[in-house]
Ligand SMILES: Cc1ncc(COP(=O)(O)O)c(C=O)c1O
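Below you'll find only one chain, the form predicted alone, shown as structure tokens.
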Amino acid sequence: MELGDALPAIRKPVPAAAGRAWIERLAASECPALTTRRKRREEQTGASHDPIVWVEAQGANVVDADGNRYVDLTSGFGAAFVGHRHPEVVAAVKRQADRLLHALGDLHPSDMKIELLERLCALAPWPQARAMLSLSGADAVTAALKTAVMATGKTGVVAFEGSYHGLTYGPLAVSGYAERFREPFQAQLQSDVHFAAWPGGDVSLDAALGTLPEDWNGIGAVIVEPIQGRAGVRLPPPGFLGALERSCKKSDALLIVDEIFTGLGRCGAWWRSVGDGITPDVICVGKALGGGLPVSACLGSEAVMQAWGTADREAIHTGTFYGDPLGSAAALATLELIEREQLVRRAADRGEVFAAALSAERIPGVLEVRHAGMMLGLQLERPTQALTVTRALLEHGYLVLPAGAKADILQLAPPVTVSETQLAGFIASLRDVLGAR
């Protein structure tokens, strides 16, 4: 098989000599926090958590510095929805690189930036839309939070336990995934944030809605993921997003939906929230948008985004590389691929088959298979078990991620181009790994 559709080929230790040499250089230059995290995981699991060093990727395959080949079921944190190094995305980037790498931002924009803005607005769920481009998902969330202040004049935000919106200051303040992320910086974070409960498990829909604030006078926004990804692919019950939408309308607050992970086809719809029957005021998009390059956007309805258009105010939210020509060209090629190849439908169909196959296997130690399109969470039996299992799967040639506050969930987000053979190989390897424990 060609690289992209191939099964794993692990011929050397993970990592071997070449990889270890790179890791030694990494340990001498990267932020110590990342090295310490790997050491902590080693202490928790009793196994090495030294990373592999990527040197090549194509489709669903990754090759490391030692020549080992893997199947990537993470899509590089979701960015490679259309597959790594898709030929059409690469060709678009090369054409653009030969023509224009950088323009003058919002002052004198590139043609590619304008085309991408038009394309995104055409995909938005409102009759008329406006967009703000940026680089990371956290950038898009920052723009959305600022938009809520501009549109409502209120700074308060409702967010949710387990939520993850990024780690820069604005998004960190509304991320309820782990208090330890916020605690060192608490004095510098936005303080007017109310964390409500996420429905599921022992928390009913009514009980979760009962934790929303009683006084909405100072609240300008509710920010929510349609599915909580990092928290363990936690799907809300039917009616939850609709109840939030009604609360926002009643209280003159904006409903911000973070579709950075779930959007652009990942969950079998262009927008997971719209597929659930609601129309947000603002949508954040990223990850898959750039086809592997850093591109994100904050989309809003015309009425909401007009709050930025005060004639006597200069541009108060912008960035040197926001809407850069190279990223814009990659995003346009990616959106064209998703639409032309009907990848939204493919994600829905393939995800359904994959989830059904995992459930039918009744793999010992997998308590539940949760999914929406090509976004899956496998609930394991014990806390921290996902740390051990992800490492063992890596040594079998499969890249997956631990998720959940207790690290008891395997998060799967394969490229939509992953082959049935590669998915079947993963199921067999998962059975082997869990059967050996």
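These numbers were taken from a predicted model, which means no experiment stands behind them. From 1 onward, residues are counted along the sequence shown.
This protein has a second form, the form predicted in complex with this ligand, left out of what is shown; the following refers to that one.
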Using 4.5 Å between non-hydrogen atoms, is residue 137 touching this ligand in the predicted complex?
-> yes
Examine residue 271 and determine whether its closest non-hydrogen atom to this ligand in the predicted complex is within 4.5 angstroms.
-> no
Given that the partner is absent here, does residue 260 sit within 4.5 Å of this ligand in the predicted complex, heavy atoms only?
-> yes
Taking the shortest heavy atom distance, is residue 354 within 4.5 Å of this ligand in the predicted complex?
-> no
Given that the partner is absent here, state which listed stretch (245-253, 209-217, 121-129, 137-145) has heavy atoms within 4.5 Å of this ligand in the predicted complex.
-> 137-145
Residue among 156, 176, 166, 290 with a heavy atom within 4.5 Å of this ligand in the predicted complex = 166
Note that this ligand is not shown here; using its position in the predicted complex, name the residues of 222-246 with a heavy atom within 4.5 Å of it, in sequence order.
-> 225
